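Take a look at this single chain, the form predicted alone, given in structure tokens.
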């Protein structure tokens, strides 16, 4: 019986000492098995020699040719040029960095074998810095027998060395040295190759493999490993869900009389979608185990009212509720709104942010711990150790993708601390106005129930979106002046490519100065991330009252600002933002009955991705369509803002490319739980290690 490769440490590799072994471990490579799962991200074909006459630009090839002449030239940049030929043609090798020894190797008549990328040059085709060897020294060695793998690297380990380590592990691979955790029934049902065959092929593909297929990650061996990785992810989330359902939570029931009073305070009728989602939440809260529900709703769909009604369940049951928002502006707006809705019902709303200090903070904390505050609204400040709840039963997370996993867990754990005697957990309601594509929701939120508010309140007007070059800035400012003259308000949002608050603030300051000089008699004010919290709050209050007509801002106003009279949104350099962020910004207008506009003031020339983003914004205002397009353009990590969920660090799977497998993965997970439960832990550990807690959202 072969020794399992999972038990052979990398310190046994030839050429690996203690220091290098530690470096490999830091890269996640501790055993021979880890090396086998460290798969190439692309391949080079060095299996045949190409005649020079058959080459065209863009090809990556091996050539074998004779040196005709070599010379150092000094034009714009000093370089070594070597002209070579074979029986079919001539080409140039160009080296910008070279030694005297290299030059002396390239004497006329010497034979070189080179690998490189072909490109057009001043005198025909050329290769820049090809890998090469002199054939005499090369001893006419045969070409490679399989495609050359290119592995992901870490600092201090070069490609040849990583290749050598993986080759050593591959030599120890046999059907008994690594366990295949996918049962034979599943392999047969979905026509998947074995783990042994897949790993052997992917580390050393033969030349006859479909190279387009393997370079694009679509080879059956790649698909088999992606399937297993997605399966491990799904099983991990299902296990979290199962563990949560075994926990206890308070049964929360709404007081119908209080609900009627609340609805009268609300001042508008709920949409059918809002009513449906509240019904789903109410059913969850009545079950006695913690609710874990994600509410997706497009910008302006009325998620705040849904959250408020969910909180009414907690308060009606004599418990506390908390809502956490990512910015002070949004948190303060929630506080004001909840005070307006809840205080007439005799309920107390508390507010906590970084700017609340001294005796005021001490008083709020004492009231919270003493149970006097029914609803707590706050930012990250709610995580601090001295924030103690008396009986926290419901946690609402707004704009969930803005928070790290640890932060979300910390607030949930505060509810457990408050109830450590009874051991119950608080319910969790997670809200996002950034619609998550169904593709991602299936993979990322298998542990959550998902509700969608897919209906906008009546009276909202569509926002007309136009893209205009910043060379026509004067025309945009004139349109702004006309809108203000009609009694409307406007936003002017400044973005910079660098995440630098100083520079963002300066760009916004420059825009403010320009607008103030071009819009005499119109009150133009500025808000940005470097301002003190009170200054920001004062400016936002002035804008809400209508005292300020044009608000210049950085993207701090992306979420949560609700000024129905604002009908124009100008976004500078929109090509630098993702679609979800652009959609959020556009959602700040179109909140009243007046025709509204979003002007994308771009700087030419636009990149391919920049053009694609602006085109999508012009074509649709459907947040779910935009989310799917954002996924295609930018990938899952950026769309979700979840570098911390584990989804982005997938080793083989790609959620966009492999989304067609997600239904089969779900079926396979159900089958394994029923028929092979002993494989669940093994699969999770192989692909996620011990970090599965970080999939808990």
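Positions refer to the first chain, counted from 1. As the structure is a prediction and not an experimental result, all values here were calculated from the model.
Absent from the display: the form predicted in complex with a small molecule. The rest refers to it.
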Item checked: Of 528, 224, 303, 583, the one that lies within 4.5 Å of the small molecule in the predicted bound form (heavy atoms) -> 303
Check: Here the chain is shown alone; which of 513, 164, 269, 461 has a heavy atom within 4.5 Å of the small molecule in the predicted bound form?
Finding: 269
Margin query: Is it true that 274, 299 and 562, all three, sit within 4.5 Å of the small molecule in the predicted bound form, judged by heavy atoms?
Written below: yes
Checklist line | Heavy atom of residue 591 within 4.5 Å of the small molecule in the predicted bound form | finding: yes
Check: Are any of the heavy atoms in residue 354 no more than 4.5 Å from a heavy atom of the small molecule in the predicted bound form?
Finding: no
Note to self: Can you tell me whether residue 487 touches the small molecule? I mean in the predicted bound form, with a 4.5 angstroms heavy atom cut-off.
What the structure shows: no
Item checked: is_contact(residue 457, the small molecule) in the predicted bound form, heavy atom dist at most 4.5 Å -> yes
Margin query: Which is the contacting stretch out of 179-187, 466-474, 68-76, 303-311, given heavy atoms within 4.5 Å of the small molecule in the predicted bound form?
Written below: 303-311
